[in-house]
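To begin, one chain is listed below as structure tokens, in the form predicted on its own.
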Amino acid sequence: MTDQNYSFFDSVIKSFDKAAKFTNWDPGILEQIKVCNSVYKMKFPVRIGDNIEVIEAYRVQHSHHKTPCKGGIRFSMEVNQDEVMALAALMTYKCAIVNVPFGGAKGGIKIDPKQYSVFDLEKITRRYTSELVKKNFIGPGTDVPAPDYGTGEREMAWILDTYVAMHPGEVDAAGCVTGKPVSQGGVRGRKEATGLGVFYGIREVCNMPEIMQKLALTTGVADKTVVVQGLGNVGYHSAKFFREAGAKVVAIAEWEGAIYSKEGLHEEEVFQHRKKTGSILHFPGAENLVMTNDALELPCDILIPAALENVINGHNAPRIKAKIIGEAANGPLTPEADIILGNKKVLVVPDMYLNAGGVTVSYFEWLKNLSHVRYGRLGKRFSENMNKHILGTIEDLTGKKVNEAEKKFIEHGADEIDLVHSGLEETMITATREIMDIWLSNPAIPDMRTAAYILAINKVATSYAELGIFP
């Protein structure tokens, strides 16, 4: 099957329309949900060395059914209006599915960050922020950016500082952006959030006996073989949590190639090898795969594409041997690949909710900023003291002693990272079950992606209806 040349936003619309047929909402409401509410394209001058460069940038607010809007900012030469609109739309649906009360947004600056000094990147980021402030496209109750491809904690700190300078005395100013350093109001657990969310979502699917039976797999994650494409933040942490849960990561792929070991790979050892040599290839005890996409076609139980868009398409989908594909990246499958894999009975767990760990923990950070108190600060010590008292009483009554390791675990009071991980786990389990309930309730629904879109449409449309916008 040959892939058609869909724009990214067209692909999102295609999936939306496919799911909308299974709902009973008024066509006007569906049209309102589909379109982007606000598209801000800007060009601004920045002095780089002895020259002045005109920088192209975007901020798209897809939906105002809930505010603030939420979505990352990416720095890439691939940034364009279509991509930013598509990613903003996916953010709306993603937030709805995981019950995060934000509208979807996305931002981008069309630059290659590797071509600029830190000083120049700071100037560009601060100027972009000031442009957003001028048009009221940023604020804790309006629009809350976050990191994305090419950005991180450093850029978010610059955005926060610029916003605060332009809003002196605003008590909730720290909530204008998430993904900040912990010292600037960030939350512990943000870095691994997306990879951990991918793990929680796939684990919940693997814990469903009826689904595993259809795939001819045993229940649970333990002993499953996993292939991970991408050793960036999301791929690294996905591999880490699967390995720690007893799965075997048999292959890891990066742009320079891929490595395979039937005995399993340790992501940190591979990461350190790449840091030392500049490549994951020639890792001790592993076999090289010179063509990185060959890893996608290896026999495995679970395939995690955690890197680029459209890596599984109409050309290679017939050769995919995985039973489950977990879309950790945004848009790793084309619509043609979806059809082919659906016919092959491969379970595709869709990106629009599976990689929602980042926005979920961003929501926790935003709440932390508005409450002005660290998670766990008020209750941690009380819980520890109470747990010690209960354990001591039980030991006195039974005359038996708990070993030191167990004692330490039982007495432990939850701190911030424990609560963040727990909240993320609850979020991903609940979302997975809600999507599965819709999918299994109607045999005509073709796949899990369509079920996820149906869930998102129902939640967003309900919000619009309850606001009374549509009499």
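One-based numbering along the sequence shown. Just so it is clear, the structure is predicted and the values come from calculations on it, not from any experiment.
What comes next is about the form predicted in complex with a small molecule, which is not displayed.
Undergrad: May I ask you to state whether G71 is within 4.5 Å of the small molecule in the model of the complex, using heavy atom distances?
TA: Although the small molecule is absent here, G71 would touch it in the model of the complex, with heavy atoms inside 4.5 Å.
Undergrad: Would you check, heavy atoms only and a 4.5 Å threshold, whether N330 touches the small molecule in the model of the complex?
TA: Although the small molecule is absent here, N330 would touch it in the model of the complex, with heavy atoms inside 4.5 Å.
Undergrad: Might R190 be said to contact the small molecule in the model of the complex, defining contact as any heavy atom within 4.5 Å?
TA: Yes - in the model of the complex, heavy atoms of R190 and the small molecule come within 4.5 Å of each other.
Undergrad: With a 4.5 Å heavy atom cut-off, would you call I202 a contact of the small molecule in the model of the complex?
TA: Judged by the heavy-atom cut-off of 4.5 Å, I202 is well away from the small molecule in the model of the complex.
Undergrad: With the partner removed from view, which of 358-366, 309-317, 339-347, 242-250 is the stretch that lies within 4.5 Å of the small molecule in the model of the complex, judged by heavy atom distances?
TA: That would be stretch 358-366.
Undergrad: So which of L196, V227, A146, I97 reaches within 4.5 angstroms of the small molecule in the model of the complex, heavy atom to heavy atom?
TA: By the 4.5 Å criterion, the partner-contacting residue is A146.
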